[in-house]
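Read the single chain below, which is given as structure tokens and is the form predicted alone.
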């Protein structure tokens, strides 16, 4: 590939460009961090005209952004195919938002000691008209980039509240539903007022809704995130910090967060109970949560041994395939009724 077949001297020059942007820029005594992504096309290999070369360089730059920014990519033909695929996905996603081609699946969250169901996490699925059910990993990143996540996330909250009402009225369910909140949503100026309207319209208690935010959201805007989460906590929502330990947030930020619960990422559960690294990390998170008067929930529990280890070491709650895969509401109601 061209990205590998670049002369050492030219590669060094490109790396120097990137390094210039690694240090913050100071403007009016304020530091600003800027990331740099470069796309490169080469004459005559990638085009004969300026227009074609610019187009291909732009395509390569997009690939550099997808690779995590602060890097460069050199154009190759496969990139154009990726762009076409992305454009098709954009069109399909726009239609999905417009016609609400989504469905919520629910995964139970249980007390690890009593095995009592305490909550359900709402997980969105896309009912694509030709591709069938599409998992969130395949469309959420693009939805966030295009800001489709804002109306999509609002729909999730509305539907979760409606389903909670059904569970309460038909099954006497007394637990909560956990709803994931994107950083794009949290930054939106209308988010808090929209959330309040949804709760009031649905006539459910905010105490029965748990908002899950990822650690990366806090890292990107700690002051703003803390301020907005404090407002939501004041409205009596419960707040869980998802993917904890994967983003390396500072403890000084963590202690300011109005968080009720730390969620132990699946990557720290996979090798339990024998993996020494996962033992150390999971028990450290549990100890930290206890010290800060928070509860912990572990995701991705797939074996009895994992569940037992976590319970014995003080993790209060858990979810994963060992208990149940995510299911649509009707199947969850059947599953729940079998446990009563």
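From a predicted model like this one, the values you see are computed outputs, not experimental measurements. Residue numbers count along the first chain shown, from 1.
Note that the form predicted in complex with a small molecule isn't included here; everything after this is about it.
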item	value
Region of this chain that lies against the small molecule in the predicted complex, out of 162-170, 93-101, 69-77, 238-246 [heavy atom, 4.5 Å]	238-246
In the predicted complex, the one of 186, 232, 112, 124 near the small molecule [non-hydrogen atom within 4.5 angstroms]	124
Partner-contacting position among 47, 273, 314, 300 - heavy atom within 4.5 Å of the small molecule in the predicted complex	300
Residues 136, 180 and 326 all lining the small molecule in the predicted complex, heavy atom within 4.5 Å	yes
Any non-hydrogen atom of residue 320 within 4.5 angstroms of the small molecule in the predicted complex	yes
The small molecule contact in the predicted complex: residue 128, any heavy atom under 4.5 Å	no
Interface membership of residue 195, the small molecule in the predicted complex, 4.5 Å heavy atom rule	no
In the predicted complex, residue 253 touching the small molecule (heavy atom, 4.5 Å)	no
